[in-house]
Each structure stands twice: as C-alpha cells, then as structure tokens.
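In the form predicted alone, a lone chain appears below as structure tokens.
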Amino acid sequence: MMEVEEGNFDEAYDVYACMQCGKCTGSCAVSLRSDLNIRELMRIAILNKNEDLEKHEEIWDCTSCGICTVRCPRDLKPAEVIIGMRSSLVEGGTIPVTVRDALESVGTNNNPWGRPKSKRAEWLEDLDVKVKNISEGEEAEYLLYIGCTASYDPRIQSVSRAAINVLTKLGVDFGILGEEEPCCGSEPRMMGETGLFEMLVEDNLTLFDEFGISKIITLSPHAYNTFVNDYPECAKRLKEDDVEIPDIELEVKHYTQFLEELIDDGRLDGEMMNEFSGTVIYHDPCYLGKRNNIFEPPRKILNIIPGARCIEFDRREDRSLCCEGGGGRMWAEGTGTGERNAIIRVNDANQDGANVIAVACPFCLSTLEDAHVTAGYEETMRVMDIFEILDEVLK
C-alpha cells in the first residue's frame, strides 16, 4: 500500500485507467444496503478531490473483501483506493471515534480490542495440554499465530483451544508466542493507518528474527493475507527508506492449507476420526477465497470427515457473500440499513438444509454466530470453525 499525498491518487493507484463501468459497485454486496458507491469514489479519486472525502461516511462501510478488484476489467484495485482514502482521513484526524479507539489500542495494547497485552494468553488456562512458548526460549518448527480476535474474544478462544488440541494430536511440532504475540497489523492497514502498520511490520519481523521464526501457521485468513502479501511489499519500501529490516523469508500457511498437506502426506484421514452427524455447508472467507484463491483445502478437510454430509451455498468461492466482518468493520458502526449479509447467509444455509455452517475465519465465525442466534436458529444450527469440528471428531 502506498501513502497517498494530496491529489496523488493516480500515481498510487493508476485511477485514470478507470472507465467508470460500475462493475465494482455492481459486484459489491455492501452497496445493496449502503450508500457505498465504489464507482463514485473512483471518480473522486480521478478528480483528486481529497477534500470531498469527509462527506462520505460510507467509506467506512467497505469490508475490503476485494470483490471489486476481482471484477475490475482494467485490473485496477478499487479496494486499495478506498484504503488510500481512509489513510487520508486518518492523516487528517477525521475518522469515526470507534475506529480511532481501535487504532489507539493497537498502539498501546498491541490489539484493537482495548484489552491489556498481559491478558493475551489467558485462554491457555483451560487447556489440558502443554504448549511450547517460543518467546520463553522453547524451540518449535512452526509458530501457531493465534491473532488478536482469537486471543481475546471468548467465543473465538474456543478455536484457539481446538487448534492446540488438534495439532497436538497430529504430532505437529509447534509453539506459540503467548503474551509476546504481536498484532499482525491487518486491520490497522485496512483502516488506513499506514504509519502504524509500517511500525508493526518493522517490529514484528525483528521479533520473528529474534526468536528464529520462519514457518507460521495462521488461524485467520486476515493474518495470512497480510503476512504473505503486505509484509514483503512494506518491508521493501522500508528498506528503500534505509530502515533496517531483518532479511528473513517467512513461510506462511493458513491452517487449512497446512492440514491439506497433512492429508496428502497420510498424516490425517477419516480413519482417525469418529462419526460426525450433520449436514455441513462451508462459507468461503473473503480473505482466503477472493483475495488469495484458496478454495479447495477447507473442502478437502471437510470431505474426509466420516458422517459429514457436505453441501454448498449457491454463492460460493469467489462469489461468496461477504459476512461484513473485515476491513475494520468490527470497529466501525456502518451507515447501511436493512438486512445484514450475515443474516442473509444463515437464512440461505437454513433453506439449503444445513445444520452446521463451517468457517475458517474468526471474523466469519463471530458475525455468523451472532446472525444465527438473531435469526432464531440457535436450536437447529451450529456455526463452527473447521478446527472445532476436527477437535470434536479426532480420536
């Protein structure tokens, strides 16, 4: 992501190539219930009207799902243009209070949830297994990167515990960083806080180098995306500015990719599992699917689970309906009205006959969990991370 100086959107994003076809807005699920009009924002960028941005509160409705970039016939990146616009607003101090508080919390507490750094590893207290702590000098082949949401949100903490249980049963040599685990910076970047993101990249790469970490398994597609796609670009830019950054190459996998490799190696199969009773429908997370084209690993895992009847949403893979949890939307109120995407999603799952919605993203789990309760499916449907399903069936 480039910093956008006043009147400089074209140099950063080549916006003059935009032909105003409107495919970006037409493909945006959020625009159906919000004033978010990406084509109009692209026009503002073409005209370099930075002064107009304060009038557009809907800039904060964008979930950064990336579908506008996928659909753009000119191969432009409208989602990045919106992040650049947010960056201009952050620079000018004209941002929603909730966004400001989240960003300040990352700076002071190393997480956007306003929780103390000392509480980051409290979820470990309920575990019956011993987990290596790399920050305390223990060595492991892989760092299991938990992430902010899976460390602090009580519902998502169960995914962290399930991940520990599953990887331990499978004999994976892994460790965590406990209280020393940093914020990956994905959400600050998507909220436009360029300076804070650069600081996190510099600090985190130094931390990984200090502890000899080169292989990372992430729970969150958002952490995966930022480690794989954003860190190298940011590190290169910092080095060009003569900032000292360790020369380390990170091998990063989302956990579904890692588990798929175990399946291919014969280290994970259905014979290791008990029966799972349920009709399971998989929800593609935007940051795994649309942004990184990772579609098969989650399905491969679900399809080897004995007893699980796996079905598909009509809107799946790169057409998957965004849950509206990404892009900082967990900390922005939003201007949209009408039925939330997550409600539409759980209604679709119910209509398709599913009683389990399987996810592979903490934000998706949070939004769909809330939606299935709101929609009245609490007694007939479960929303489960794939790690939670495996933890339930592995012998």
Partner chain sequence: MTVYILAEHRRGELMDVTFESISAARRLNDEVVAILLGTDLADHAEKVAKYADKVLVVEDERIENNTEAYTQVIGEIIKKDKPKVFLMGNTSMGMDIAPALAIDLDSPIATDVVGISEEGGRIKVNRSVYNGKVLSDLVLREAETSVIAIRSGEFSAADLEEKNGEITKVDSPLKETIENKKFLEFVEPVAGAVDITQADVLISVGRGIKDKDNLPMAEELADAVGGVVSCSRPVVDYDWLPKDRQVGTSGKTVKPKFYLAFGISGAFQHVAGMKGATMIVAINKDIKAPIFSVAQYGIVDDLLKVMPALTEKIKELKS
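These figures come from a predicted structure and were not determined experimentally. Residue numbers count along the first chain shown, from 1.
There is also a form predicted together with its partner chain; it is not shown, and the following applies to it.
Engineer: Please state whether all three residues A17, T194 and E198 have a non-hydrogen atom within 4.5 angstroms of its partner chain in the predicted complex.
Structural biologist: No residue of the spot touches its partner chain in the predicted complex.
Engineer: Counting only non-hydrogen atoms, choose the one of 335-343, 348-356, 34-42, 66-74 that falls within 4.5 Å of its partner chain in the predicted complex.
Structural biologist: Only one stretch qualifies here: 335-343.
Engineer: Of Y152, F211, F174, F295, which residue is found within 4.5 angstroms of its partner chain in the predicted complex when only non-hydrogen atoms are counted?
Structural biologist: Contact residue from the list: Y152.
Engineer: Which one, E139, E251, D269, D101, lies within 4.5 Å of its partner chain in the predicted complex by heavy atoms?
Structural biologist: It is D101 that has a heavy atom within 4.5 Å of the partner.
Engineer: Find out whether any non-hydrogen atom of S366 is located within 4.5 angstroms of its partner chain in the predicted complex, and reply yes or no.
Structural biologist: Yes.
Engineer: Is the gap between W123 and its partner chain in the predicted complex 4.5 Å or less for some heavy atom pair?
Structural biologist: Outside the cut-off, so no.
Engineer: Please tell me whether any heavy atom belonging to T380 falls inside 4.5 Å of a heavy atom of its partner chain, as the geometry stands in the predicted complex.
Structural biologist: No, T380 is distant from the partner.
Engineer: Report yes if any heavy atom of A29 sits within 4.5 Å of a heavy atom of its partner chain in the predicted complex; otherwise report no.
Structural biologist: It does not: once its partner chain is placed as it appears in the predicted complex, A29 has no heavy atom within 4.5 Å of it.
Engineer: Within 4.5 Å of its partner chain in the predicted complex, which residues of 352-391 have a heavy atom? Give them in sequence order, or say none.
Structural biologist: Sequence-ordered list: S366, D370, V373, T374.
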